[in-house]
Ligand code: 0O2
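One chain is shown next in structure tokens, namely the form predicted on its own.
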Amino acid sequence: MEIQLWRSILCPYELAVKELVVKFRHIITEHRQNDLYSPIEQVRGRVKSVSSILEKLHRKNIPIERMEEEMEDIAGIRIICQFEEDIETVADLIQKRTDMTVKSEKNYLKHMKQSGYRSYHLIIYYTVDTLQGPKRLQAEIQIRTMAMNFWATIEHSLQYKYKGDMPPHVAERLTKAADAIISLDREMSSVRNEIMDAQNSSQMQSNLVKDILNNIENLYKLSNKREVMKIQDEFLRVFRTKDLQQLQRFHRQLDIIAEGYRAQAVDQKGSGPHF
């Protein structure tokens, strides 16, 4: 197969990965902008290399002309969550989307692989627009916790090193590590509510500070510099208290002040000469 043909085959998959990564990252942004906990922590994507595709075709005995029909993971998306409970939330979120269709699911959380591998896999159909028109292709979405991802990355490297024939003593230590990962995820789940509260408070403070600084910058254009400096000094005083309630009160008061200046500016514009 010519190199140019490979490029033309893989180009739509590269587009699909870029679009899907942007869409899932936007979910994170939407949650955080609304002071909500995001079940998605990180998103990554990749298109399988030609070398990996050829190796899998050979290993699975797939004819090259059947590649796109039978290989479901040419495009791959990995979604990382903080807690195991978030995995089901993300899977449900994907199921409800109208811009992708779930073809199949594999739950390696309930049915862990013998090696100790745990993750949640979805195969989806996704359509991209190309110069030749719409193209419906398959993509694999893996959903796992940060701890699961750490283990899986190490296991993948070892499988590559030993070409699928891992020595028993290495496999045994990997299995023990998988047990430790399960314990870690359970321990993190036990303090999930406390962690979520802390992260939500931090995100709320970040959003408040952003809004306050935007208001101060806008006031600088409408008010005199001395008054804005006083407001900024007061903001810094409140910020140093690390009291979220005080910051919220200051935010509300500043909104009222800013609205007053905006109304005043509109009145001044409206009081000009009429022709």
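Residues carry their position along the shown sequence, with the first being 1. Computed from a prediction, not measured in an experiment: that's the story for all the values here.
The same protein also exists as the form predicted in complex with the ligand; that form is not shown, yet it is the one meant from here on.
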In the predicted bound form, does each residue in the set Ile9, Arg66 and Lys103 place a non-hydrogen atom within 4.5 angstroms of the ligand? no
The one residue among His156, Lys176, Arg136, Arg97 placing a heavy atom within 4.5 Å of the ligand in the predicted bound form is His156
Note: exactly one of Ser115, Thr89, Ser201, Thr130 sits with a heavy atom within 4.5 Å of the ligand in the predicted bound form, namely Ser115
Assert contact_stretch over 178 to 186, 89 to 97, 193 to 201, 147 to 155 against the ligand in the predicted bound form, heavy atom within 4.5 Å, equals 147 to 155
*Give a yes or no for Lys242: in the predicted bound form, does one of its heavy atoms lie within 4.5 Å of a heavy atom belonging to the ligand?*
no
* Determine whether any heavy atom of Tyr108 comes within 4.5 Å of a heavy atom of the ligand in the predicted bound form, and answer yes or no. => yes
Gln142 versus the ligand, in the predicted bound form: is there a non-hydrogen atom within 4.5 Å?
yes
*Does the ligand get within 4.5 angstroms of any non-hydrogen atom of Arg46 in the predicted bound form?*
yes
Contacts from 65 to 98 to the ligand in the predicted bound form (any heavy atom within 4.5 Å), listed N to C, are Asp73, Arg78
